[in-house]
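Only one chain is shown below, in structure tokens, and it's the form predicted on its own.
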């Protein structure tokens, strides 16, 4: 198992690409403005040649807007919690799959875990990189954790 970690630039770049492909380029993901989101989060783990966890944290407003965009809903439509969980889970799945492709393999992705609030991390998870961004003027945080290794 490799204890390497993806670079911050790689994770930032792939997050921007996933964001643009899923949510369009009309409202780009902007750098900075991270911080506590207090809304929804999702995590996915990679096991095999590289082992780690990718998390996405969004405010309630961003999670709702992501859901509306992904599902083609009107701005005045209210997404159900199940729809928001599916959309946030798909977002972390795409980011996690791209992180997996950067790392030594073979590896597999878990199913996404989605929560209102912060998804718990294993006690041996060490944050390797953290992308702080904003979308619609609110914080978006994408983190990569490695298991049992020092952060890069």
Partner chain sequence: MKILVADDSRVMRQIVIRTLRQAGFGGHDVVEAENGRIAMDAVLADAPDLVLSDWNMPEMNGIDCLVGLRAAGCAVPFGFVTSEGSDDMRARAAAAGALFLIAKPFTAETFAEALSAVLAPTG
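Numbering follows the first chain given and starts at 1. All values reported here derive from a predicted model rather than from experimental measurement.
This next part talks about the form predicted together with the partner chain, which is not shown.
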The single option of 122, 97, 31, 35 touching the partner chain in the predicted complex, heavy atom within 4.5 Å: 97
Distance check, residue 69 to the partner chain in the predicted complex, heavy atom within 4.5 Å: yes
Contact label in the predicted complex: residue 129 to the partner chain, heavy atom within 4.5 Å: no
Any non-hydrogen atom of residue 113 within 4.5 angstroms of the partner chain in the predicted complex: no
Contact of residue 86 with the partner chain in the predicted complex (heavy atom, 4.5 Å): yes
Contact stretch among 35-43, 48-56, 86-94, 114-122 - heavy atom within 4.5 Å of the partner chain in the predicted complex: 86-94
18, 106 and 109 each touching the partner chain in the predicted complex (heavy atom, 4.5 Å): yes
